[in-house]
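Consider the single chain below, provided in structure tokens and representing the form predicted alone.
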């Protein structure tokens, strides 16, 4: 990738310190021609020692690009998303791009406002974790020539996407509970308007069917991926006449909320009810009991999303890319072999 440098020191000083010609230093700094690996390394080391910095204004005027990527997230208080954001920022920074963070709170109006702002600022790319019916807003970005990559959310076949295999992850979680002898397993979903939630429900449902466990729609309650909704969903489940010995929540925050509701109602986790989460955020390893969950490669999702959006900027007509990462089962203390009666 081409680099542009502001002359805090001069290129002559960089060349002299690196022991190369000015022309060689220029090619190395701008990545604009052949330079041996050894010479390039010496030039970049000299530039760093002399405190050269990328001159964004000069680069933008020359290229017509802003070298800015926006990351649009539905809820920055959900620990899943900061881990993704770290991956995005690290890759973008390493490649000369700055990142604008936009938090929508899952609000359609805020999302629309951000899209208008990003179009007016002419950002080069947007990494979008859509939370509502966002096809028209994504289309507005792509119609302006802005590269868009979806992360952890899907709108069909319109954009590049980086996500974890949600069906496989939910299969792992539900099969783990079935393997422990649970035959009455409740499910707390995310918003069912999202493909992510639909896929996790499908994995849960398919695991029940393939495991010979009856599906009871009364044991499915919709949440919104926040802790409070997990708490309220569990309170709702406990008021129902149906019984269950385990619950699989579609993310860790809802699982923690569900555990709180169970403990407040006099049930012990995991001996009375086993609880399973999804994401493997940091809090999962320090709850009491520690939460069994399905780990997503969160940082890698962000890194790959940033790599993908920059690649899309360079080649807008390339075929659509879908990067499907694999989840991993993490067994801790909140799930045990079934003993005793159902709740």
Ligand code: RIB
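Note that the coordinates shown come from a computational prediction; the quantities given were computed from them, not determined experimentally. Residue numbers count along the first chain shown, from 1.
What comes next is about the form predicted in complex with the named molecule, which is not displayed.
Proximity to the named molecule in the model of the complex, defined as a heavy atom within 4.5 Å, singles out one entry of 231, 201, 244, 80, which is 80.
With the partner left out here, the named molecule still marks one of 141-149, 248-256, 113-121, 208-216 in the model of the complex; by a 4.5 Å heavy atom cut-off that stretch is 248-256.
Within this chain, residue 187 is remote from the site of the named molecule in the model of the complex, having no heavy atom within 4.5 Å. Residue 225 belongs to the set of residues with a heavy atom inside 4.5 Å of the named molecule in the model of the complex. Using a 4.5 angstroms limit between non-hydrogen atoms, residue 153 touches the named molecule in the model of the complex. Among residues of the shown chain, residue 292 is not one whose heavy atoms approach the named molecule to within 4.5 Å in the model of the complex.
Contacts to the named molecule in the model of the complex (heavy atom within 4.5 Å) from stretch 288-327: 296 only.
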